[in-house]
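Shown below, as structure tokens, is a lone chain in the form predicted alone; questions about how it binds or moves come after it.
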């Protein structure tokens, strides 16, 4: 049926999952795991817009996650700004930072771009670690829970519904971007910058725009992560391994697909929970599973599955 587009199917399935999970899995542990999937899924969607649609590699995207996370920690604690306003502040700061560094960085290509973004991620992590009077240093800091309509939001169930709702909204916005003239321009840039320039695409402007958008997505994810956890550290938000995780979520799910970003996130978040039975071999098995997925399904999990389904149907 023509009206069952990938966009409608993805959003509908996401709504069903968010609505039914608390009914099927009546445990705070499972709700907590799903909350992490929703939070990092938001960041992965933003990164996929940058990498999968525009073809720009970022190895330091956790830097923006760290900015968003520490905004909701520093602003209420040191500046007296309520948590909800701090989320907006963090997104604004991330957008401003992305705008400042975006123009010079996005002129680079290939591994030069990757190294430049990697340096940005290290810089943010180093800043958060060293400014102990503001951030608590390596030990991190506590994050005050926000008050909405007179109720302090602190329970796992409350954050489950909030993060699920934000992910649904972020997914809809991402699909709108992908189907707009901006999305078409980004795909043209991904395929060939020379061809895109020939047909009149402003390459620098489109790269700059998607870089800022992806930074805002990451910042919002960082703010939600901090508020739902109640405590943050530089390593858990802006560390290099966090950037690698986000990159893995996007590549494992499949570049250039919004739905793939969410599925890739689910795989990366759920695998460590499943592999705890292996105890000291957990990380070894996790790395092996991810390597096999990428080797056997280089296009990503979702694109590979869909291609095989279409092949059998024909």
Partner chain sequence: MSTLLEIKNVSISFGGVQAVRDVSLSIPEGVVFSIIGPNGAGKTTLFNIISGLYVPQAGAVKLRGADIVGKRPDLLARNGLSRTFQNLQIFTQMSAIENVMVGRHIHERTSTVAQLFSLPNVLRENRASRAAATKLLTYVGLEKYIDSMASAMPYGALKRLEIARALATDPKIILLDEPAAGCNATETADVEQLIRRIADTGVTVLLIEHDMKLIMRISDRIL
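Positions refer to the first chain, counted from 1. In this text the structure is predicted, and so the values were computed from the model without any measurement.
Just so you know, the form predicted together with its partner chain exists too; it's not on screen, but the next bit is about it.
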At 4.5 Å between heavy atoms, only one of the stretches 193 to 201, 160 to 168, 67 to 75, 81 to 89 reaches its partner chain in the predicted bound form; which one is it? 193 to 201
What is the one choice in 106, 188, 212, 153 with a heavy atom within 4.5 Å of its partner chain in the predicted bound form? 188
Each of 177, 180 and 206 near its partner chain in the predicted bound form, meaning some heavy atom within 4.5 Å? yes
Though only this chain appears here, would residue 173 touch its partner chain in the predicted bound form if you measure heavy atom gaps against 4.5 Å? yes
